[in-house]
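Quick heads-up: it's one chain on its own, the form predicted on its own, in structure tokens.
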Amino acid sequence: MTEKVKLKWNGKDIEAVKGSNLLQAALDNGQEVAHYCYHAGLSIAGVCRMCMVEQDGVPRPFPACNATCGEGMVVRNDTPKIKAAVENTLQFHLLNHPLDCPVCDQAGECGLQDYYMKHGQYDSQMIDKKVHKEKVQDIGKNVMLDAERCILCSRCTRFTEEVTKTFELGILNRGDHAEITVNEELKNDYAQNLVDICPVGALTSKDFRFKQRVWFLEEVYTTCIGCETGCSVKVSQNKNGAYRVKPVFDETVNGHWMCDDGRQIYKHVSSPTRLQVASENMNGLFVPADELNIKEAVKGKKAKFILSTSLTNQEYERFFHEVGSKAEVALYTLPKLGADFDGILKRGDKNANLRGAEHAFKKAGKDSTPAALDKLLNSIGSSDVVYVVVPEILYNEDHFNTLLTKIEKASMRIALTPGETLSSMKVFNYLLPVPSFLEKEGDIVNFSGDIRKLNAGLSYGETTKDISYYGNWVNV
């Protein structure tokens, strides 16, 4: 059993695991501690010197990140000596920092801004000219580097050394001429985590730069649907759409990180080419259609459904409840992409809810294997209507196109899609928009069998209409 110890922080009794990091213990207990270089997912560097504390019985102040918790410790970071130390250290960090706040993407979520308002607001003692370094450096993998803004916390270099073990970044030179150097362009699949862990605006995302101010965004906490890992993430969005995806700490699944592929899962949600209303194929061009006319067109035809693995458990349950034996059903699974597992988070199986789908099919007495899909495709006749639930994200469009060539024998072909209108969809007579992962509540099951939550964010136009429940389209 883990041994707990009791200690005092600024006069408040707190409890922590014996031998655990003192700074992290304070943060876990709601105590504010200024820090830059410390990150719970990385090794201890102790280079920023912002987390200085005093302890009864210890003659000199010391950084909390380099200390461990022991029984009866009495620690303070609110004394005049510590406040002066933090202010002086902050001023040291800002000596060469450019006044980029108005044009910096980190504005609004920047540690330098936050700590200056709390510990700074002083008259600068700097009399020398600032040291200028290279700005707007494209270092690969959708990441930009501004060396002038860097405070040399070393989080980024430790990440490439300890997490990805790709060693693309290092620190070159000494004194105030020291700067982050790029040994080679970023090549790892987790590079955008560098943007997340940078406490200032030195590392920014090319995908997010200059698109939105963070104080105009709301965070929706949900689950990544990019693969079967099911990382905990938050999507930044407002009434105009979604703008970025960032990881949320989850000890059981993804820890502090997520892969770069997972950061792309939001793009179809607010894409200008996303299907917004029911549409009919008129000589290769899709035009708005009346849903009542679509229902009239499918009347009397035998329904065959091909479901995707990106639906929620609740959607599968509702489908089988409403459709039951009224239609033939099969499951389309996305092909594996790359290695089964990269050793960090990324998995080659891109079917976000394959296990949930298999369970739902089994519960309904249906076959979810590829053999059942082949059987359904071979049985398609000229009197059938085939409904294809398009996967939320298609990593291999050619594989999906192969599926579509096999449904052409049906007299009526209808796609239910949460994403963009692809060129390959011209095989369909009608397209129906359905909610994306950001527009519905529900559960999915990840690779280890854990239930993961999807949470709806803001609504995006007509796509939130209740046309995703397929019983509406089956001839009773």
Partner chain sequence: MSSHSNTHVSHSQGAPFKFTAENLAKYEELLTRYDDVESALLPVLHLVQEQNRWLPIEAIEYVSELMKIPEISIKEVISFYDMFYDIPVARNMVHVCTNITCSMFGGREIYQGLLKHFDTDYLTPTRDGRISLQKMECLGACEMAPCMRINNDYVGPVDLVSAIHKLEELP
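Positions refer to the first chain, counted from 1. The shown structure was predicted, so the numbers you read here are calculated from the model rather than taken from an experiment.
The protein also exists as the form predicted together with the partner chain; that form is not presented, and the subsequent description refers to it.
- Between the partner chain and the residues 280, 250, 328, 179, the one pair within 4.5 Å by heavy atoms in the predicted complex involves 179.
- Only one of the listed residues (215, 221, 210, 167) places a non-hydrogen atom within 4.5 angstroms of the partner chain in the predicted complex, and that residue is 167.
- For residue 172, a non-hydrogen atom is located within 4.5 Å of the partner chain in the predicted complex, even though that partner is not displayed.
- Using a 4.5 angstroms threshold between heavy atoms, residue 378 stays clear of the partner chain in the predicted complex.
- In the predicted complex, the partner chain lies within 4.5 Å of some heavy atom of residue 183.
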